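First, one chain by itself: the form predicted alone, in structure tokens.
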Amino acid sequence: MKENLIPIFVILPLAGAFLISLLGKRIRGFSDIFSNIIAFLLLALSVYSVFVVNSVGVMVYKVGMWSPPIGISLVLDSLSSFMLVTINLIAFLIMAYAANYMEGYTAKWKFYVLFLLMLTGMEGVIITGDMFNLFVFLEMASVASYALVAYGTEAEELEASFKYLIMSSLGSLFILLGIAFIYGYTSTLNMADIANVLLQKGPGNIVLFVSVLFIMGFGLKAALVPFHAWLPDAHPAAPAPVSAMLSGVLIKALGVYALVRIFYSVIGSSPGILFVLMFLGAISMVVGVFLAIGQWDMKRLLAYHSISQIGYIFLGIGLGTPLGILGGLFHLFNHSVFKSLLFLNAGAVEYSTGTRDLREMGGLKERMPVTAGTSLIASMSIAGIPPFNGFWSKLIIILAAVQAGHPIYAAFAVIASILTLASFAKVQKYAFFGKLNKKFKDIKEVPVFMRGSMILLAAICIISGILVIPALSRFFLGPATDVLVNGTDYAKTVFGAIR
């Protein structure tokens, strides 16, 4: 009965949001403690799910005991468990950071309610085996994220949230239209059943049209160039824990994962689709880093780098080779870690100094050694400096591109990495090195939970490079890669797992 584990990933955060909405205002400290307990339990269950899937294989939970394709199903395979670990690891550390950071905002319990609803939506997107339910969970996460971006209710936050809402809603419309057309063509919404029908009927012109809709829709959610316009406003405006979640995992769960799952496991990865993903990935890498390098707003600079790093993920996965997919998924995990850390660093600096402008900083390492040290580690990680985690995933992607006969894309990846190093050298120079600005001579390091989260993320940046070791790769990254390499065998695996 291990299948009963699957719905807990949705039930726990949803129940947590409900209870905090009832008791958070009445019991002091309840929302802090309870939300962190929920986040820790989700992380523990995610790690356990990796062991379970590795031992018993794919699991399918039949909602209401109705077997798919008639009933709704929840599916847990190696790719799902990989994504769940990534999301819940970041969510737990950000939740701990928020316990101190969100003291500066009113109605802190409302933040936790929205955060857990966003987490519910992301978990649902990862485990659902039904196209329409994927859309429902995607919208749940999106709507909660709109409110979280506007949480400070200042003019900047409200404007950014409105732009994000409009652009993201447009993406949702493309996705819903795509689902409607695919349902009209296959007469089913179950993802495994859609894959079976498409194998029998063949990919008609309608499938090509649906593919274009999905690339636009999920490309907007993932902030791929040219669908990225909302991100540079939304991420800087949001509170630091929200920025870290948006950039660290939300764009990957709602954008990267959903797109990759549909194209590899359901529709099938045709050479044309893979070329588009590779091309958009390469363009995103270069455009994102060029836009970032001239920024002086610390969080805006990080937001543009999210666009660039998402490009690496799509380049790797778009190569379609086992090594490329492995590199893409590894970089997805690594980017979640070091980009979340960088946004928490930016939040710590703003928390202590009251500014995000690099030109107003300088010498902060004297007063904020933990923030400065962890920021340096994260900067080296995103720039691909050995032995930090970002180096290994970028190296794999570059080698995969050369191996697949795409040396130009490999050159783009190298150039983007060099420019990333230049960009973060600028951050380190203006924010943490040099002479301390006199007006910051009395500032202090951030509170203990904020420091703890940053230290743990920095430690992961240092040690997670070992995931490329074959013995560990076969346990975590390897099985997730195999799910995509096996493509539309997903249908056979899912129906074979139904008990």
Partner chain sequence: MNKEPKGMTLIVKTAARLTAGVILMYGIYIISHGHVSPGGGFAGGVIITLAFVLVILAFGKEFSMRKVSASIASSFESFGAIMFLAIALAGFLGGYFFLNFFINKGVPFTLFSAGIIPLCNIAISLKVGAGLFAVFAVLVMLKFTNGKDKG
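Residue numbers count along the first chain shown, from 1. Computed from a predicted model, the values in this text were never measured in an experiment.
Absent from the display: the form predicted together with the partner chain. The rest refers to it.
Residue Val63 is the only one of Ile443, Val63, Leu436, Ile455 with a heavy atom lying within 4.5 Å of the partner chain in the model of the complex. Interface membership of Asn486, defined by any non-hydrogen atom within 4.5 Å of the partner chain in the model of the complex, is ruled out.
Remark: Arg474 does not count among the residues lining the partner chain in the model of the complex, judged by a heavy atom distance of 4.5 Å or less. Using a 4.5 Å cutoff between non-hydrogen atoms, Arg26 counts as a contact of the partner chain in the model of the complex. Heavy atoms within 4.5 Å of the partner chain in the model of the complex map, among the stretches 39-47, 446-454, 462-470, 64-72, onto 64-72 alone.
Every member of the trio Ile11, Leu14 and Leu22 reaches the partner chain in the model of the complex with some non-hydrogen atom inside 4.5 Å.
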